[in-house]
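Only one chain is given next, in structure tokens, and it is the form predicted alone.
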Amino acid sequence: MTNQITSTAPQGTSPADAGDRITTLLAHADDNMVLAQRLGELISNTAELEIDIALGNKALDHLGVARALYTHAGSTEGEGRTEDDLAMFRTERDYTNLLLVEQPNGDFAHTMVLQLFFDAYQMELWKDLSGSPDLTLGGIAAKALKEATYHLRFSSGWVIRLGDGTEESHHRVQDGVDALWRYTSEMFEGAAEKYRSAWTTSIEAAFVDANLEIPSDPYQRTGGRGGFHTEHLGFLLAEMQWMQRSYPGLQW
């Protein structure tokens, strides 16, 4: 893979600051890489061609963001690692994606709930990072924000349509909410806590229109940012990485 984005990170930063920046870049790259893989699994498996195309385009958007962030992380690190190295040759414990994005695909309602939760989060994330003093990161975030605006409109529209639809569609969406809500608080750990209020407002507005309820179970699952994942990520990475690991340096 190649990427034309070049590093314009702030000069004179300390090794500790650079390390924090790399950690941040990899976490968000991993989020988008894993979600792109999950969405890619749905291509040719949905009920309508239009949905196939939409989910495929969303997967490509997330893949593009992941590539740009991996490239910038490798450049910032300065150890010669490429986007392929960071995506294909890191282990499950090295990945620091949110647990939410590694959850397996359920039905379409389940997928749209997951997308709604993540899209609303990324809207706030990219708004914030588009003003980063790291000009490369700011540029990546500004482009990603445009894509996230469409993503959120798509996922919220479907959640509302299904939630306010038939008894069966409402039941399926609520089941998705109940299954995935436990992975939402992890998005707001540490400095990301500042995104929680706007995210909650967005989700609650969609839930009102969709006649959905926030689960009463207070349990929240965490650990992804520290490399502690559910059993699902290992299988996903095995599928995604097998060719590069079997044939290192393979070129098309």
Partner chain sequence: MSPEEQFQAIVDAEDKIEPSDWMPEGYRQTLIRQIAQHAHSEVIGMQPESNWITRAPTLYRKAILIAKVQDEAGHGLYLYSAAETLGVGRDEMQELLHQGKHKYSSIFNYPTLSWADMGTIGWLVDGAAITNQVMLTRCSYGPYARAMVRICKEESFHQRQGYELLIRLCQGSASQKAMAQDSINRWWWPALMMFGPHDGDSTHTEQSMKWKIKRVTNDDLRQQFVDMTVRQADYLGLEVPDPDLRWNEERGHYDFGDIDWEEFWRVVKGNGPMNRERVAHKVKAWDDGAWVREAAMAHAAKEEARSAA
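Treat the numbers as computed from the prediction; the structure is a model and nothing was measured. Numbering follows the first chain given and starts at 1.
The same protein also exists as the form predicted in complex with the partner chain; that form is not shown, yet it is the one meant from here on.
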Problem set entry | Contact at 40, 52 and 107 by the partner chain in the predicted bound form, all three, heavy atom at most 4.5 Å | yes
Exercise. Is residue 33 close enough to the partner chain in the predicted bound form to count, meaning some heavy atom within 4.5 Å?
Worked result: yes
Exercise. Do residue 172 and the partner chain come within 4.5 Å of each other in the predicted bound form, heavy atoms counted?
Worked result: yes
Exercise. Given that the partner is absent here, does residue 56 sit within 4.5 Å of the partner chain in the predicted bound form, heavy atoms only?
Worked result: yes
Exercise. With the partner left out of view, is residue 166 within 4.5 angstroms of the partner chain in the predicted bound form by any non-hydrogen atom?
Worked result: yes
For this session: Would you point out which of 174 to 182, 82 to 90, 136 to 144, 113 to 121 contains residues with a non-hydrogen atom within 4.5 Å of the partner chain in the predicted bound form?
Result: 82 to 90
Exercise. Here the chain is shown alone; which of 203, 26, 212, 63 has a heavy atom within 4.5 Å of the partner chain in the predicted bound form?
Worked result: 63
For this session: Have a look at 148, 73, 160, 99 for me and say which one sits with a heavy atom within 4.5 Å of the partner chain in the predicted bound form.
Result: 160
Problem set entry | Residues of 34 to 48 having any heavy atom within 4.5 Å of the partner chain in the predicted bound form, listed in sequence order | 37, 40, 41, 43, 44, 45, 46, 47, 48
